[in-house]
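Let us start with two forms of the same protein chain, each given on its own as C-alpha cells and named structure 1 and structure 2.
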Structure 1
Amino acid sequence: MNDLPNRARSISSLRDFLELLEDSGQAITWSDPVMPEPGVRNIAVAASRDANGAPAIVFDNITGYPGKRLAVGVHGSWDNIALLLGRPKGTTIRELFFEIAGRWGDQEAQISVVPEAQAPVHECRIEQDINLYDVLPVYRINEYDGGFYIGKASVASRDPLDPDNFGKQNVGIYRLQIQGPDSFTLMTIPSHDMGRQIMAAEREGVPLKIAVMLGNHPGLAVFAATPIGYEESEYSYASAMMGAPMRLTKSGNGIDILADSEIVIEAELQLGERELEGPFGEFPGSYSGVRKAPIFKVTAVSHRRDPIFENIYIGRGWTEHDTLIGLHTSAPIYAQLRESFPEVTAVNALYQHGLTGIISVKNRMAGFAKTVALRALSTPHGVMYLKNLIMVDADVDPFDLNQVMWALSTRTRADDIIVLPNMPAVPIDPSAVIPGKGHRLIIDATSYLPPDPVGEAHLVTPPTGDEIDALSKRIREMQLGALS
C-alpha cells in the first residue's frame, strides 16, 4: 500500500479497483439476503450519508437473483476517489481538486487493442432469446421511477453519418430504462452527442448502433461523464487523465469498447419510434417528468464470467453522483477561468452538478470578483449550470463550507449581489418557472478594496498552511489509532 500511485495506474477494470478498495477497507460485500426493493436502495442511501468514507458495496445475495452480483457506491466517497487517483484515504477534497486540475496536458494517451477473442468482456455471449432481466439484477432506484433503470451506463457509439471515423466516436453516460426483455429507452437532449446522433440517423434514415458498457474501468465514468470541449476520444482523454493505459476491443456490432468491462449490451436505434419514459429521480433531488424517448432494441449481450452489474444511487443529495462528477465538473471551470484570470485560486462546483458554485479569487480591484463571476457564466458548463455563484477571497477555501459561511457572514452586504434574469438554464432545475430558462445569482462575498471606503476589517490570523493541514491529519490519525 506504500505505492498507491502505481497501484492506481495499474487498474484496468472494475474488478481491479474493487480489489484495491477492499484492501483499503473501502469495499464491503453484503451477503445477507436483501430484497431488490426497498432493500438495495435503503442500503445504498445509508452508505452515501458518509460522503468522505463510504465504501463500495457488492451485493451477492439479492432475493430472486441467486449467483448474481451488484456493485453500488464504487465512486461513492472522497476516499474512493482518492484511491482511484493514487492518493491515500483522508486526502482532502481541495487536494483532490488540485490533483485533477494538475493533470491537464500532463500525460499522453495510451490506448492498446485487445483481439475480440481474448477480451474478457466477450467471455460469455448471448445472441438468442435475449432477456436483460436474466443478466442484470435490477431494482427500482427511487420509489416512483417509471421502471428499472440502468443509471451508470457508459454508452459508446459511432457517428451514424461517418461511422468509420475513430475520432468521431462518442462515449457518454445516459440513463436507460428497461422496456421489456430486449429493449430500453435512452434519455438525452439535442445538445448532447447522443441526441445529435439520434437526430442525424433519423433525418438521414441510417442505422445507429450503440454499445452500452456496464461495470467499467473506474476512470472512464469520472473523466468521460462531463463534456469538456475536448476533441479527442473519451478513451484517450480518460487514459491521459489516469496516466494509465486503456485496453480497447470491438463490440460485436463494430464499436470500440473497453476490453475489461463486466457487461456490454449491443443495441440498435428503432428509427423514429418513441416510448414513454420516466419519471426518474434525478441529481437535483427531484423526479424528471414522463416523456416519449427513443427506443433501442438489444441485438446481443457480452459479459465476463460471473459479471458484476454496477449501478448508482442518484436522487436527493448527497449521493454517489456528486462524488462521481463533482471534481471533474469543478476542474474544467477552474482551468477555463484561469486562461483569462490567473487570480482565480479554486473552484468548487460540487453541488448538484454546479447549480451552486463557489469561486475563490485574489481581488485585483473593487468589484473584480463580479467580473470573474460573469466570465464563469460563459464557460461551457457555466452557460447552462452555474445558477448560484458565491465569490470568496483567496484566503477562503471554497471546499470548506465553514469558511465560506464566514465570508458570507462578514464580507457580504445585502446589496452586493447581482441577479441576471431570464438566462439559459438546464431544464432539469426544479426551481424553474419555465424549464430551460431562469435567473442567475451572484453573491460577492469578497472583502472590500479601494475605492470602497469601508476597507477590510483587522482580521485575526490563525495559523494556516501545510503545517496546520499536516497537524490536523496527524490529530485525526492519533484519534483513529486510539479507537482501534
Structure 2
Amino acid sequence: MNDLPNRARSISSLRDFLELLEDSGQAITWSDPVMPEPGVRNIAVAASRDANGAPAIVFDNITGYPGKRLAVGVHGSWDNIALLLGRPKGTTIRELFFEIAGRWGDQEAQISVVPEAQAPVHECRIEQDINLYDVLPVYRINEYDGGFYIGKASVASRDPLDPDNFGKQNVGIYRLQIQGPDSFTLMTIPSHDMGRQIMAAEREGVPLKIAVMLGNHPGLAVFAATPIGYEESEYSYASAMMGAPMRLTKSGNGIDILADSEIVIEAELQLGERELEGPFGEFPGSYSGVRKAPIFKVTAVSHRRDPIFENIYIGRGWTEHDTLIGLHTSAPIYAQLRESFPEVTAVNALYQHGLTGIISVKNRMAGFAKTVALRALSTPHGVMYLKNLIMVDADVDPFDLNQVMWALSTRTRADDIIVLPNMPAVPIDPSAVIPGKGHRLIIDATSYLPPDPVGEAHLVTPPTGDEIDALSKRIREMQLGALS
C-alpha cells in the first residue's frame, strides 16, 4: 500500500480533521444565529445536494444553546472522504473504492493507550445531576421525529459473556433517542453486534455497559458503520486503514474508548425494560414506526473543554449517511466475495446502505453471475440489506450509472431476472409488507456464454483498462489546471 501523506497520517481527532478540511476549502463555520429547528436541518440538507464537494459545517451560534458547538457534514462529500484517505479533492468514487479495497487487510493495527488522566476526553467529568440537555445542543433531525435523536454516535460495548475479549468489543453507529435528562433508548436489530449483545445480556441476566462516543476520529466513524465480523475490532480496522495509531483510553465504566473524542456518555442497559421511541427519519427516506426499544441509564459523562457535538442528517438521499458508509459497505462485500470468486472486479453498494447493489464480474460460465449474486446475499451485510442486485460484466463500471443502464438495456433478458420472496430484510425498508421480511431481486445484465443462445448482435467493445484510466485522469488534471 502506498504511504499516506503526512498530513493525513497526523489526524488523531475530529478537530484535526476539521482543520485539514478547512485548509482544503472543505469546512466552513456558520456564525450567523441559527435556530436548531428548522435552521440546522435546512442548512444540512442544502449542503448535501453537492455529494461531490459539500463542506463540513460547524455551527457556533445556535439559538437556545449559548456557547455550544455543533458539526454536521464531516463525511458529507466524496471530497471529504478523499481527504480523509490522503487523496486529493476530485478523486473519483471508483478510485476511492479501489483505494479502500487495496488497504483492506493490508496493514497491521496500531493501538496506543493513553492513561485516563491524560486523555483529552476526560478533561471534564459529570457524575452527579446528569442532564444531557445541558451537555448537547440536541434537535429533531427530521420534522416529524418523535424526539431528540443522536444520529452519529459510535457506541462501544463489551461482549457481556466474554468481556475481556478485545476483538468482541463492538463499536457501532446506532441512533439514540433521548428519553430524559439521564436516559436514552437505542434501537438495533438481532443481526447487529449490539443487538446480539443486548439479547445475550437479557437472556443470561448479566450487566451490559456501554460508552457512547460523540465527535470522534473520522476514521473510526467510518468503521463503526462497516459490516465486519463479530470478533473483528473496529478500532483495529480503522487504525490499519488509516495507517496510523488509534489512541485509546478507558471510560469510567471500563470500556476502551477514543482518547480524543469530544464527548463520551457512559450508560448501562436496564435489563428487560423498554420505552417507546420514534418515529424517526431513516436512511431509506421514510419514517420508521413507533417501537419499544431497550433503555439505557446514564451513569456519567466526560467531555473535552468546549466540546463539539457532531451529528448527521439522515433522510431521503443523497445525505451524509450515504457518503459516510457507502464505500465501506461496498469494500467488505467485495473482499468477502473475492475469497470464493476472484472473478468479482468491483462492488457498488452505495445506495441506501446497499438496498440496491451493483456487482461487476468476469463470467466464468453461463449463469455464473447469478451464483455470485446468491453468495452476496449470504455475506454478513447481504443477509439483511442487499435487496436489489444488478450483475454486470467486468467491462462495465458499476459506479457509472450510464454504463449500468446500458447493460440493463442491452444485456438483460426476461429470464435473467430472479425474485426470491419471503427473505429476511431490514425492518425499516418502506416497501416491506411485513417489517423484517421481503423479496430479493437479482437482475443478470452480464453477457451471454454457451450454452446460452447468443443471438445475432455483436456488441461494440471499446478500449478499457489501466491505459484508459490513466488517460481519463490526465484529462481531468488538465481540465482542473486550466481552471486554476
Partner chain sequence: MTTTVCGRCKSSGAVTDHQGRQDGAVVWTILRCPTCNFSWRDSEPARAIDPAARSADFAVDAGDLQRYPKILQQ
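Quantities reported herein were computed from a predicted structural model and do not represent experimental measurements. All residue numbers here refer to structure 1's sequence, counted from 1. Throughout, rigid core stands for the largest set of C-alpha atoms superposing within 1.5 Å between the two forms.
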*Correct structure when looking for the form predicted in complex with the partner chain*: 1
_Flag for Pro245, CA shift 2 Å or larger between structures 1 and 2 after aligning core_ = no
*Rigid core superposition, Ile198 Cα moves 2 angstroms or more between structures 1 and 2*: yes
*Could you check whether the CA atom of Asp469 moves 2 Å or more between structures 1 and 2, using the rigid core for the fit?*
yes
*Following alignment on the rigid core, what Cα displacement (Å) is computed for Gln270 between structures 1 and 2?*
2.5
_Following rigid core superposition, Cα shift of Asp164 between structures 1 and 2 in Å_ = 4.0
